[in-house]
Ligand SMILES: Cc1ncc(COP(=O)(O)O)c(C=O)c1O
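In the block that follows, a single chain appears as structure tokens, in the form predicted alone.
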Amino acid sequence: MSVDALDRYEKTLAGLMRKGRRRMLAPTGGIDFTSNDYLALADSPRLKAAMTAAIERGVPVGAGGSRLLRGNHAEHEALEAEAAAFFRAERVLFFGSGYAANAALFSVLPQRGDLIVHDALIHASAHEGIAASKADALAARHNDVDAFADAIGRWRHAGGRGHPWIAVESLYSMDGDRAPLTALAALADRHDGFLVIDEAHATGVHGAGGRGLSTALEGRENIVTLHTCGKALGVSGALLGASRVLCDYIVNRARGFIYSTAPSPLTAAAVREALKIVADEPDRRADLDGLSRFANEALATTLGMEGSGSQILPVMIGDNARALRIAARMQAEGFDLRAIRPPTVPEGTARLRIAITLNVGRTAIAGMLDRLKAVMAEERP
């Protein structure tokens, strides 16, 4: 292969570097203000013991095939049954990742003639599925119920006769704010539509029993929920909850489910234990809530910035290069903060995303914010 064949890739990477948007893999180090391990379960002795016990009782590491061939292990089915009971869903399907679950559900559930109206800040994985859907799609202003209603109204006025699909996150990953789920569910009801709620950053942390922010809507046929297992649950994978007919449709039509090797049965065993921990140890949620409240108040006091009210605290910087400089200095001083830049967030809104987890305490939070204040003052725009 000639060197020229790689030139276009090098040029693109160089362009990203000039714009402060080139992504790099970095080793883990410093005090954790970046991970989504909200309940500090990723290194939990109970999860380790559950996996050890699963190995000892003969649970295999690999599934050996897709769920529709020989990969449908008893651990998958046990997890799905227990998750359905935990989240009070009619049925649950286990996926290898939240990305795979979002891509699968949006690519097949909305039908030709339907309309997907999604929040402008919804996860990239949802966009992946929406792009593959046969339904029309529109973005609505973030958390603006009227914007969702107007989009559906215009579609109906133009002759739209299918079903609208409203797609949101319950707690937004880069802003830490909550979706108006009750009003959106009412909007879906008025238009004979569906509401898809990505609970990724609320699962295990918020709602009754740690079941997420959609608990008031549990069991309704027009609600689809997605609970990721790699954040507060400390493992990996995702649990998609919906009516039996919608889940069965995914099993029959979603290529990402049909043609993927099933997740590791050992992972399923670990997620089963993670759900038990959430149920058995409510103090974890209470402790995280206390830390989050402290961090929100300290952010206002130290940096003069309004908090999000959740465990996700964005510190807006604006300029990509400045965000990278501040993050690098904080990392060098032992605080693992990362810069989030476009296209992950809108142009001009580069930020530091502070994640509060049970891996830190109040002293570490206060020390990090004090140091961040000084670094931001030194790294002026």
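Residue numbers here begin at 1 and follow the sequence given. What you see is a predicted model; the values in this text were computed from it and never measured.
The same protein also exists as the form predicted together with the ligand; that form is not shown, yet it is the one meant from here on.
(message) Please determine whether Y99 contacts the ligand in the predicted complex, using a 4.5 Å cut-off between heavy atoms.
(response) Y99: yes, in contact with the ligand in the predicted complex.
(message) Taking the ligand as it sits in the predicted complex, is T228 near enough to touch it, meaning that at least one heavy atom pair lies within 4.5 angstroms?
(response) Yes - in the predicted complex, heavy atoms of T228 and the ligand come within 4.5 Å of each other.
(message) Within 4.5 Å, heavy atoms only: does S310 come near the ligand in the predicted complex?
(response) No, S310 stays farther than 4.5 Å from the ligand in the predicted complex.
(message) Although the partner isn't part of this model, could you tell me whether H123 comes within 4.5 Å of the ligand in the predicted complex, counting any heavy atom of the residue?
(response) Heavy-atom contact with the ligand at 4.5 Å: present for H123.
(request) Counting only non-hydrogen atoms, choose the one of 71-79, 111-119, 166-174, 294-302 that falls within 4.5 Å of the ligand in the predicted complex. (result) Every other range fails; the passing one is 166-174.
(request) Name the single residue among G237, P265, G234, G256 that comes within 4.5 Å of the ligand in the predicted complex, judging by heavy atoms. (result) Residue within 4.5 Å of the partner: G237.
(request) Scan A188, L93, V278, A200 and let me know which has any heavy atom within 4.5 Å of the ligand in the predicted complex. (result) Looking at the other structure, the residue within range turns out to be A200.
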